[in-house]
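Quick heads-up: it's one chain on its own, the form predicted alone, in structure tokens.
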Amino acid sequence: MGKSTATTKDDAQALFRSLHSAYSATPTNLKIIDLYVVFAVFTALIQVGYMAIVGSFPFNSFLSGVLSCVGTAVLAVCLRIQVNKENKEFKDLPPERAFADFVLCNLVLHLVIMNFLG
């Protein structure tokens, strides 16, 4: 029983080391986008926790806030995919165009969210 636990712990440490070494080679602009995605998801989780504690009286407001955070995170992941140099599918797409798409889609998303608020 003890040897199995030690092996599992060693495997987990090796996994975390390999993930850390692979992520340290990631370009800075992708790390910034990753941080933005984590922030958007964290904000959505805070809103869900607040709703669980306080209640969801203006349900449209709660739904708008969470969908705004989740939609922004999804659009940021799409931006990350397009900006990544290792992705061969978008190699001809300039990063400025990908960012312009991100901004335009965010504008449309937030216009829909504002309309949903009522």
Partner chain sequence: MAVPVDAIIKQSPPSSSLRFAFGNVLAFFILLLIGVLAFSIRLFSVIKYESVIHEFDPYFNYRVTQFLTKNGIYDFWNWFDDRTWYPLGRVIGGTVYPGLTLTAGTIWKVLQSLNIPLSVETVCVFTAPVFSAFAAWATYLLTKEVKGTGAGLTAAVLLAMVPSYISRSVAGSYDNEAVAIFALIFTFYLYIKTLNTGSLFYATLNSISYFYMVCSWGGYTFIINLIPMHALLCIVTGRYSSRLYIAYAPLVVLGTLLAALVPVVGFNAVMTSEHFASFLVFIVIHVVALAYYIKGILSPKMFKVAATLVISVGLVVGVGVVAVLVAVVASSPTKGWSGRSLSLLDPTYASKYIPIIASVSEHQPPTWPSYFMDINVLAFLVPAGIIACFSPLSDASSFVILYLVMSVYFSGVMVRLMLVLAPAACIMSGIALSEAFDVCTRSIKYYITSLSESLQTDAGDIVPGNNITSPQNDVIKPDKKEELLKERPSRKNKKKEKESIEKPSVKSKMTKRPLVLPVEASIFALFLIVLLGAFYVVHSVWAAAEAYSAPSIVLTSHSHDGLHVFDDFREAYAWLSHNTEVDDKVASWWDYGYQTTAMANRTVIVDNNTWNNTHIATVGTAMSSPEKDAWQIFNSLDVKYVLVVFGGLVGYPSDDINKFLWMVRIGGGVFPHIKEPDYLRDGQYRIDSQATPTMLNSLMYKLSYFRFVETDGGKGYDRVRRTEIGKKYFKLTHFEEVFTTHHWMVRIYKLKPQKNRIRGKTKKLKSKTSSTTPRSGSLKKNPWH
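Computed from a prediction, not measured in an experiment: that's the story for all the values here. Numbering follows the first chain given and starts at 1.
Below: the form predicted together with the partner chain, not depicted.
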*4.5 Å heavy atom contact with the partner chain in the predicted bound form for all of 74, 78 and 115*: yes
*Is residue 28 one of the residues lying within 4.5 Å of the partner chain in the predicted bound form, judged by heavy atom distances?*
no
*Using a 4.5 Å heavy atom cut-off, state whether residue 82 contacts the partner chain in the predicted bound form.*
yes
*asked:* I'd like to check something about residue 11: if you look in the predicted bound form, is any of its heavy atoms closer than or equal to 4.5 Å to a heavy atom of the partner chain?
replied: yes
_Would you classify residue 67 as touching the partner chain in the predicted bound form, given a 4.5 Å non-hydrogen atom cut-off?_
yes
_Suppose contact means any heavy atom within 4.5 Å; which members of 73 to 108 contact the partner chain in the predicted bound form?_
74, 75, 77, 78, 80, 81, 82, 87, 89, 90, 97, 101, 102, 104, 105, 108
